[in-house]
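As a starting point, one isolated chain is supplied in structure tokens, in the form predicted on its own.
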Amino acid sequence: MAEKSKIPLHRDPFVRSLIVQLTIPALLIWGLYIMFQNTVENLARGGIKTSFDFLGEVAPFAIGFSPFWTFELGKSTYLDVFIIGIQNTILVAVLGIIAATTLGFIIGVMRLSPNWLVSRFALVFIETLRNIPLLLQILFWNFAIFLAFLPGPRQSLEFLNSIFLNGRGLYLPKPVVNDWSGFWVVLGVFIAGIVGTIILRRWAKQRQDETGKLFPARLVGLGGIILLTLLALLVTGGPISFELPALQRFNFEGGIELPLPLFSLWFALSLYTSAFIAENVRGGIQSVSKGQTEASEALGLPRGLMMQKIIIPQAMRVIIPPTISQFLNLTKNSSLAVAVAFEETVAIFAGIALNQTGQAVTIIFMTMAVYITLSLLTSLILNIYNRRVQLVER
């Protein structure tokens, strides 16, 4: 029996691919290192020393909005500025993702409505917002609408006697914990209600698979969570109260303040991103075979139940991947907050702090690392969910 001839190393596909995969990253790292060294040397010639030591220095400027991290003028450092910037960026991203997803899903379903007026309204909404630059929309809402038309503090728009909107921002009731032991009891009951709802949904799905009978698990679960939480609040004597905003001489005090730049940025980002998400929803729904719709109608299912139980679950497999990209875009687009003077990472750290310290390389590197980290975390979380809803082939 003839011996199997050996492939020469220079012709082995595995060896050649391994060499290429090792060489290209090595060259890339080497090139970036050379660029970094040249930049540091050029800055050193200009008397600028590149390091992270400046993070311990006191920041000589004030920050107006920091809901979760305390900033004291004359005491807080550039590290505090960096943390506050990240905090505000995450706040805008989370608020924007929630609002854009909700609105985008509604508009996407409206786009396919058999009602001509509803469908055309959704079409105009999508095409208008998608084709106007985001920066222009942010400036429009902030300067041409909100600053121009919202009243002063004494003539604020009032909702439920506790929510106020004026030319300086949005003011909301602030929850205050009066009894921490009672608060933990209420929180435990709330979490238990969520766990119970998840178990109930699994039982309802199994029951439906076995008998074909539907059970409103979400509605019952939501009602149970609300009822149990209210009962826990009553038993513990109300450990949580709300501090309402109150009008003083020149402005509102107390409660939660969302300054107008944050409100404008959140509003514009949500509208802009929702238009793209709406198109993802429309495409996902249209990707479902028409036979599914026809079979549902033949069974006499109402349109709402058909969308909820048949169309949307199948469409989600198509909707989620491009929507992940929109979430990432929304997070990165929050850097346009500098246009309305909202204090997020780019505005106060890559802007003011860089001008104050001159540490361009370090600050830009840290800012880039923030956005890369946030994007990777968002992508990781949503891809885990995406894998759960994908079809598994046998």
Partner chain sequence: MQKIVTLAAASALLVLSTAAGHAGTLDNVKSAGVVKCGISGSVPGFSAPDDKGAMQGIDADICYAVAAAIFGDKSKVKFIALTAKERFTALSSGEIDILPRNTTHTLHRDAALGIDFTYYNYIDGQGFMVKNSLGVKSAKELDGAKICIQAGTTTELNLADYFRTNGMKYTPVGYDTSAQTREGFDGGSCDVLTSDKSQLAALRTELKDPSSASILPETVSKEPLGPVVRQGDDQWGDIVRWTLYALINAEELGIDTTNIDELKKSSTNPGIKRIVGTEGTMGKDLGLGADWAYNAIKAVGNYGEMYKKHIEPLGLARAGSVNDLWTRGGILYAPPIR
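Positions refer to the first chain, counted from 1. Think of the rigid core as the biggest set of C-alphas that the two forms share within 1.5 Å after superposition. These figures come from a predicted structure and were not determined experimentally.
The discussion below concerns the form predicted in complex with its partner chain, not included here.
Participant: Only one of 203, 242, 184, 143 comes within 4.5 Å of its partner chain in the model of the complex by heavy atoms, so just point that one out.
Facilitator: Looking at 203, 242, 184, 143 one by one, just 143 meets the 4.5 Å heavy-atom criterion.
Participant: Would residue 350 sit within 4.5 Å of its partner chain in the model of the complex, counting heavy atoms only?
Facilitator: Judged by the heavy-atom cut-off of 4.5 Å, residue 350 is in contact with its partner chain in the model of the complex.
Participant: Even though the partner isn't displayed, in the model of the complex is residue 167 close enough to its partner chain, meaning a heavy atom within 4.5 Å?
Facilitator: Yes.
Participant: Can any non-hydrogen atom of residue 251 be found within 4.5 angstroms of its partner chain in the model of the complex?
Facilitator: Residue 251: yes, in contact with its partner chain in the model of the complex.
Participant: Within 4.5 Å, heavy atoms only: does residue 73 come near its partner chain in the model of the complex?
Facilitator: Contact with its partner chain, yes.
Participant: Using a 4.5 Å heavy atom cut-off, are 279, 308 and 330 all in contact with its partner chain in the model of the complex?
Facilitator: No residue of the spot touches its partner chain in the model of the complex.
Participant: So which of 96-104, 229-237, 73-81, 215-223 is the stretch with heavy atoms within 4.5 Å of its partner chain in the model of the complex?
Facilitator: It is 73-81 that comes within 4.5 Å of the partner.
Participant: Could you run down 325-350 and flag each residue that has a heavy atom within 4.5 Å of its partner chain in the model of the complex?
Facilitator: Read in sequence order, the residues that approach its partner chain (within 4.5 Å, in the model of the complex) are 332, 335, 336, 338, 339, 340, 341, 343, 346, 347, 350.
Participant: Taking the rigid core as reference, does the Cα of residue 154 move 2 Å or more between the shown form and the other one?
Facilitator: Superposed on the core, residue 154 moves its C-alpha 2 Å or more between the shown form and the other one.
Participant: With the core lined up, does the C-alpha of residue 266 move 2 Å or more between the shown form and the other one?
Facilitator: No, the C-alpha moves less than 2 Å.
Participant: Any CA movement of 2 Å or more for residue 171 between the shown form and the other one, core superposed?
Facilitator: The answer is yes; the displacement is at least 2 Å.
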